[in-house]
Structure formats: structure tokens, C-alpha cells
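First structure 1, then structure 2: two forms of the same chain, each alone, as C-alpha cells.
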Structure 1
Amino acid sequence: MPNIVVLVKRVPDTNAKITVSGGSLDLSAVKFVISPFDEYAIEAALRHKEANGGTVTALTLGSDACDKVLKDAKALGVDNLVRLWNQGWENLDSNGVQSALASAIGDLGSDVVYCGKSAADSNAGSTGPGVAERLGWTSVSNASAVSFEEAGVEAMIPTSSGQARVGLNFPCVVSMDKGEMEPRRPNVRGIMMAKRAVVEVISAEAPTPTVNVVRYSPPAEKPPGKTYEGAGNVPTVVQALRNEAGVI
């Protein structure tokens, strides 16, 4: 029966207002959630288990502040919670994150890894393929649906001319897009389980970061919008769309 791992990341709530002060991010007043695409990964992992048995382990890399997103995953029905962390990992770059995750996934003995196609904070989209590369596993990205075989999975992925159904043998990594698989909601029973669940903390080696964030800056303020009222203004609006916005 498959040993299924799902990668989850703690990110700021997508409607949180992010402020930058002194060149660094101020996240003190921000609510954190599971990254939205990871919800699809969790859904795929749970359906995989429901179809073929096995266990689902939610894995995250981060400090103890990340226990909450693991518990949220537990409330949805995953079996095991594992957090990967080492001192001095506060500023790990993608290379470091992927190396550490790959080594943990190897240690967990997993057959298949699901993750979101990108995280809502960095939006880099490199974790799935990066982890697969380091492990030397097959992988696909942006899957909108998956079905489950005895020794692999079939995934629907977008192509330039439509969609393709591709088969992957274990061991493999599938990064999930929003698709046909509507993520489930938690329920009280799951929440009670989450309360009692224990997060296993493990460690790994990671290469020293070679990428440094020099400074953060907020995006430029959007210019204020213009409002026109009444049918009499239609020509003005058309002119503005053509001459100022250049969209028609």
C-alpha cells in the first residue's frame, strides 16, 4: 500500500495586507493558512489513500509556528504530521528547501509526493520539480486531476493544445493545480483528532544559501480609478479606453 507524502506550506492568508518596513516584511499582524494549492495536494493525497489504502504523511519545513498548518491538515484526515527543521534555517533558499525536503522524503520511504503547484507567498513553483530532480523521481506539474493505479498515478496536465493524461510510476512527485478535485472541509471529528495529534520533528542537512534577499519593497500604489456616470459619458469612456488605457 502506498506511502503517500503531501507537502504543505504555511503562508500569509491570501487576503492579508502585507506591509514592508525598513526593507523587510512585517508579518506580525498577519493570519497564516495552508497555501491554497496545497489544499488540492492534500485532497489528492487523501483520495489516493481512500482508493488504494496506505498512509498519508503531511510534511512541512519550518519552525514550530508551522505546527498549526499541520494540524489543519490533520483535521482534514491525514495520518501523520512531520515537521522538518534545523537551527539557522530561517533564510534557506529554494535550493536548500528542496534538498532538505528531498532527503526527508527519502527517509520517510515514500512512494508518491503531492504538493501545490506553487506557494501563495513566493509563487516560485519550483518545489515539486526541484524535489523530484534531487530524488531522481519522475514528476509532473500543474495536475488538475489524478487517478490511482497499483504502482503509480495518472495525472491530467495542461498542454499547449489541451490536456494530456500521463502515467507515472512510483516513486513520483505530482504538483497540483486547482482542478476538478474540490478540497474537502474539516469536520469536528477531524479537529478533535488534530487536537491530540503529535507533530514529529525531524532534521536534515541543507546546503548553505547562495541566494540572499537584499531587500523587500512594496509594489507601486495603483493610481486611483476614475468614475463616470450616465449614458452621456459613454464617448468619454471609449476615448479614455482607447487613448489613455490603450486597451481598445
Structure 2
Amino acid sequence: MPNIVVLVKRVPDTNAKITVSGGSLDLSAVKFVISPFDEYAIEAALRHKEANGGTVTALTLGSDACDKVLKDAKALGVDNLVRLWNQGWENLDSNGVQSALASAIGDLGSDVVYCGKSAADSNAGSTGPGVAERLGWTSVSNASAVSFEEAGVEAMIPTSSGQARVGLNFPCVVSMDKGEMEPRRPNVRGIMMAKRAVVEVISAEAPTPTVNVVRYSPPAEKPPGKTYEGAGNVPTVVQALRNEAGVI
């Protein structure tokens, strides 16, 4: 029976307003949630377990503030909760994150890893492929559906001519996109079990960051809109659309 790992990430709610103060992000009033595409990864992992047995371990990298998203995953039905963290990791870059995750996944003895195609905060889409590269595993990204075999999985992925079904033998990494698998919602029993769940904290080695964030700045404000009235302004509007907006 497969040993399944699903990666989850704590991100600001996608409806939250992020403000910048003094070159730093002000997240004091922001609600944090599981990254939306990770919800599809959790659903795929749980369906894999329901089809072929095994166990599902939710894995995240972060401080104890991330325990909440792990317990949210527990409420949905995952078996084990693991948080990866070392002091001094507050500024890990993507190389460090992927290296640490790959090390932890190897120690957990996983057969297959599911993750979201990208995180809502960075939208980089590099975690799944990066972890797979470091482990030396096969991988696919943007999978909209998966089916489960004894020795691997089949995934539907987009191509230039439509959709393709590809097969992957274990061990492998599958990055999930929104698709046929609608994420489930927790029930009362799951929520109660999550409250009592224990998060296992582990450590790993990670390379020294090579990228440092100097400061944050908000995007430039959009200029005010222009209003034109009357047919006589049609040439002016056309010129503005062509020269200023660049849409025609």
C-alpha cells in the first residue's frame, strides 16, 4: 500500500488586502489558509488512499504558525501531520525550501507526493518540479485529474493540442491544478479529530540562501480613468486606445 505525502502551504487568504509599511509586509490583520491549489492535492491524495489503501501524510515547512493549516488538512482526512523547521529558516529561498522538503520526503519513505501546481503567495510553480529533481523522481505538473494503479498513477495534463493522459511509476511527484476533483469539506467528526491531532516536528539540512529580499513595495497606482462623451470624440477615443492603452 502506498505511502502518500501531500505538501501544504500556509498563505494569506486570497481575498485579503496586503499592505506594505516601511518596506515590509503588514500581515497583522490577514487571515491565513491552505493554498487553494493544495486543496486539490489533498483531494487527490485522499482519493488515492481510498482507492489503494496506504497512509496520507500532510507535510509543510514553516514555524508553529503553520500547525493550523496542517490541522485543517487533518480535518479533511489525512492520517499524519509533519512540520519541517529549523531555527534560522525564516528567509529560506526556493532552493532551500525544495532541498529541505526533498530530504524530509526521502526520510518519510514516500512513494508518491502530491502538491498544488503553484502557491497563492508566490505563484512560482517550482516546488513540485524542484522537489522531484532533487529526489531524482519523475513528475508532472498542472494535472487536472489522476487515477491510481498498483505501481503508479495516471494523470491528465494539458498539451498544445488538448489533454494528454500520462503514466508515472512510483516514486513520483504530481502537481495538481483545478479540475475534475472537487475538494471535499470537513465534517464535524473530522474537525474534532483535528483539534486533538499531534504535529510531528522534524528538521533537515538546507543550503544557505542565495537570494535576499531587500524590501517590499506596492505596485504603482493606476492612473485615473478618462471619460469621453459624444460621437465627436470617437477619433480621440480610438487614438487613446491605440497609443495609450495599446489594445488596438
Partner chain sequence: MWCRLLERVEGVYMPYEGLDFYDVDSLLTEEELMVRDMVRDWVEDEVLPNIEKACSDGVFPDEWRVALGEMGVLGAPLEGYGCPGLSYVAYGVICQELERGDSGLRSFASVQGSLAMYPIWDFGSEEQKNKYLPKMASGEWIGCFGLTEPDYGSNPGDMITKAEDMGDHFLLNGAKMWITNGTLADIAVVWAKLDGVIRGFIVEKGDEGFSAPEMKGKYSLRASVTSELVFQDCKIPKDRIFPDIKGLRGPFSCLNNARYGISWGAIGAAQACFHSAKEYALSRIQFDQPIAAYQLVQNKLSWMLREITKAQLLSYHLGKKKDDGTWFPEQISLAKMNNVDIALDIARMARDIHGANGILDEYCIMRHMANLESVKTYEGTHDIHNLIIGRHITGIQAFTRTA
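Rigid core: the largest C-alpha set superposing within 1.5 Å between the two forms. Predicted model only: the values in this text are computed from it and were never measured. The first residue in the sequence of structure 1 is number 1, and each one after it adds one.
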Either 1 or 2, the form predicted together with the partner chain: 1
Check: Asp79, Ser35 assigned to the same rigid part between structure 1 and structure 2: yes
With the larger rigid part held fixed, what angle does the smaller part turn through between structure 1 and structure 2, rounded to the nearest degree? 28
The CA shift of Lys222 between structure 1 and structure 2, rigid core aligned, in angstrom, is 3.2
